[in-house]
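Before any questions on how it binds or moves, here is one chain, the form predicted on its own, in structure tokens.
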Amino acid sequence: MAKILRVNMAQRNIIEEEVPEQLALLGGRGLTSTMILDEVPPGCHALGPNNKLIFAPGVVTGSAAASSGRISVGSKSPLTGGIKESNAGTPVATMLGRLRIKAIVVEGDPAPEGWWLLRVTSDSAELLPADDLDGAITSKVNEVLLERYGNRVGIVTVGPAGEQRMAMAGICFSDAEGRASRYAGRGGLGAVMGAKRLKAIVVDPQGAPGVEIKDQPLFRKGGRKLLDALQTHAVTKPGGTLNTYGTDALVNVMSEAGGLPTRNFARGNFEGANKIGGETLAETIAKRGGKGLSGHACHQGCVIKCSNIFPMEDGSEHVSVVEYESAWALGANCEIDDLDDVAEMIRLCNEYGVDTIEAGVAIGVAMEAGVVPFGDGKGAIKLLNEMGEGTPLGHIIGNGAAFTGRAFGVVRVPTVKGQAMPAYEPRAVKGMGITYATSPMGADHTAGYTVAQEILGIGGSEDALAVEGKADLSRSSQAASAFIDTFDYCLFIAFAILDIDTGLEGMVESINGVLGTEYTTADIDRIGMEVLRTERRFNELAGFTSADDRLPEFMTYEPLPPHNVVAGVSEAELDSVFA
């Protein structure tokens, strides 16, 4: 039987609860957002005693379903002031699913001194002192804990940025080989974990009973349909785009489309795009050999394998993983085209425990202010080290792009609800702009990914520069994303299920197999919208209004080269998304 673990950091005790009936069919994002609305006062301080941090694997996570090893982390965000769900692909998700742990709820007001470690096994959970990990970078934490508890455990931790409660701090999860490299990065939830004085979680899956599946034949049938779709589609199949080039394949695609934000969102294309793009990334990994690897899996059940291990010139491992969002944020957005500099910045973000998107956009804003010049890779590395060291300048950068813009009086600050925009220029990709503006999560591409239709022509071709119909496209994409995040399949299955109907049917059938439900594909929008309404309700109670569902003012009057277009989306159009 599934259970919820409540970890009270004030009393330093752990209570095991049965799952309430109203939560029985939820997992992942649907579960975290529902619990946050029910249990967290919307007006509370995100770093104060009344906020909670919730870890929840998806409904199918831990089963044999392909690419389902995702975990959602939910809380009130110190970056946006609203509700937040951030997720990661990691063996930790699979382990919790197999242990039948529906959620771990971290709550209470801890003592101001001392750090703690939560150890979870098949028959117990305990809080242990972790002062020896105080100040440790994430790789050091993993090294110590893998040595202490064995190399089959999963690890969750925060780096120095989380300990110092910086608003761009993420939560780091171990990958399939135990690296500290998989992140629930967005929204500053690492700062909440730091505020709870929880340095790390160790999950031991030995003796786990496995996911309870109500209808095994249906589950296998649906899982096979989805797997076949993933292994057939050009984007997700073995030897396909993601497997060969990783997500970084989008750098050149988006630059050619005029939608790659460059020089702090001043242009939509980057002259140095090919130097940091997926093709060059794959060629460099192959040339350097050694410990380099394309087609790396973030967890054992991943069949898409879009991750990579990037080597140094001598073949030794530099960092995992160079993804599109990271290469863009720390590369094109800062006009840096040196792949090794970008890799080093990703490594530092991993070690200090921060979101690469927020870090790259914050550095771009600092460059706009003249703190270091655009294109100065070594200067950008220095800013990240300032953050890791906790200097005053480091705290400014570490608290995100919006904070950095206020500190230096910068007008061009590409954020929504206080969160930095990802790697799709909303003036050139209108549907993404509407998602950025209206998502309860703040600017977040994973909240409603319209690029598949607008740029890649998957699931129906759309004109990226056209506004008409994009409110509907964004709303349906946001609902679909909320559905997928609730059952916690990898979002990249969307490429296959948009084009292959049997893949879509297989996803729903596999869910029915686990839960014993009778959902159809028609329920995807309904369930997704229920999650979105829950999240918007929290934000409304926290004081958000329609005025918060807007793109930055500079995008309404500053034309974006090369298309020379402004945002061009009316307030009425934005308000119609959830009218």
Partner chain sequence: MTDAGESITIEVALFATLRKYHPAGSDKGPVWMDVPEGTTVGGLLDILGIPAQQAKMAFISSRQGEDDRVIRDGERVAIFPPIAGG
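In this text, all values refer to a predicted model and were calculated from it rather than measured experimentally. Residue numbers count along the first chain shown, from 1.
There is another form of this protein, the form predicted in complex with its partner chain, and it is not shown here; the text below is about that form.
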- Does its partner chain come within 4.5 Å of any heavy atom of residue 562 in the predicted complex? yes
- Message: Taking its partner chain as it sits in the predicted complex, is residue 454 near enough to touch it, meaning that at least one heavy atom pair lies within 4.5 angstroms?
- Response: yes
- Message: With a cut-off of 4.5 Å between heavy atoms, is residue 249 one of the residues that contacts its partner chain in the predicted complex?
- Response: yes
- Item | Residue contact check: residue 467 to its partner chain in the predicted complex, 4.5 Å heavy atom | no
- Stretch in contact, per heavy atom within 4.5 angstroms of its partner chain in the predicted complex, of 413-421, 321-329, 390-398, 192-200: 321-329
- Query: Quick one: in the predicted complex, does every one of 505, 519 and 532 get a heavy atom within 4.5 Å of its partner chain?
  - Reply: no
- Note on the structure: Checking 219, 265, 115, 495 against its partner chain in the predicted complex, the residue with a non-hydrogen atom inside 4.5 angstroms turns out to be 495
- Message: Using a 4.5 Å heavy atom cut-off, which residue among 98, 475, 445, 179 comes into contact with its partner chain in the predicted complex?
- Response: 445
- Query: Can you tell me which residues in 30-44 come within 4.5 angstroms of its partner chain in the predicted complex, by heavy atoms?
  - Reply: none
